[in-house]
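Below sits a lone chain in structure tokens, taken as the form predicted alone.
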Amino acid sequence: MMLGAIEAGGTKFVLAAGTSPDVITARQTIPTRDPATTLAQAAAWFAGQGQFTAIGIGSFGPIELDRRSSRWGFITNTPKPGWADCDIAGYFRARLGVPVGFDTDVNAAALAEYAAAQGEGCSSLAYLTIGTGIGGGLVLGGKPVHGAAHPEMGHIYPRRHPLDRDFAGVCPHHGDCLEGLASGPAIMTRWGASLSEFPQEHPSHAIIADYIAQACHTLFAAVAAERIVIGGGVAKTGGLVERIRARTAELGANYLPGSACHHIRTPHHGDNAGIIGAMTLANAALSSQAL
């Protein structure tokens, strides 16, 4: 049995082949160009790895996840130039002739982190990625949460920090949503450098930690997640996750039931969470257990 996996990102595609989510035998990274070039290059790499039995794709979005829709497997109204209305799942199903598992890149990462957390008795987990954009995935009882669409946790509206009243935000749709205020581009636009370039006493650290902590508190309060995993480039800033933990505790004010079971962690799988999650999607597609 050979499984294929794609972590489809706005700047790069990570490709992998292996026999299970825990055993990756080959891996390749290619730049994200236009769809025709990128998908053909990915398909050529898979063709060189042998015969596959299933493939899993964790993709940037927005994407269509309703299997009743004729557009299931499409990247939909993404701002990524050229990628709107791209049938990414259909492309690989046709080229490789195998079942395809499909979900968002953050839901894929959440699945990988959930599998690791199960050994510690965790049954609910949210994954937040803080980087060029902000996205989130939620796994409850082993299943990623889908509703009318997939969760868009980066587009909630946090309360404005008192030292950050005037910045309009960078989200082209919402302005000062979470992504518009706390993503990498928001930090660069507001202060002219990445968060890690500023000393710890710079107000940027407290401001960004406050916005992400508000998202964490919202998740703990709204869906009673036991664990929130925070990944992405911005989250690698020294001391940021510790600030987020402390501020989330302040926001909770010892009110939430089960708050002693609420934990904020960095990814168990590090930067590999997305591709391991895509392998999990492939495994589920093979066994006809669509996640």
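Throughout, we count residues from 1 along the sequence that is shown. This is a predicted model, so every value here is computed, not measured.
One more form of this protein should be noted, the form predicted in complex with another copy of the chain, which is absent from this view; the next part is about it.
Comparing 50-58, 232-240, 36-44, 245-253 against another copy of the chain in the model of the complex, the single stretch with non-hydrogen atoms within 4.5 angstroms of it is 245-253. Against another copy of the chain in the model of the complex, the set S124, R160 and H262 is in full contact: each member has a heavy atom within 4.5 Å. Residue in contact with another copy of the chain in the model of the complex (any heavy atom within 4.5 Å), chosen from I156, A115, V98, V170: I156. This chain is drawn without another copy of the chain; in the model of the complex, the residue among G147, P81, G192, P199 with a heavy atom within 4.5 Å of it is G147. Among heavy atoms of L138, some come within 4.5 Å of another copy of the chain in the model of the complex. Using a 4.5 angstroms limit between non-hydrogen atoms, P151 touches another copy of the chain in the model of the complex.
Looking at A221, you'd find a heavy atom of it within 4.5 angstroms of another copy of the chain in the model of the complex. Remark: I228 does not count among the residues lining another copy of the chain in the model of the complex, judged by a heavy atom distance of 4.5 Å or less.
Residues are counted as partner-facing when one of their heavy atoms sits within 4.5 Å of another copy of the chain in the model of the complex; in 175-190 these are D176, L181, in sequence order.
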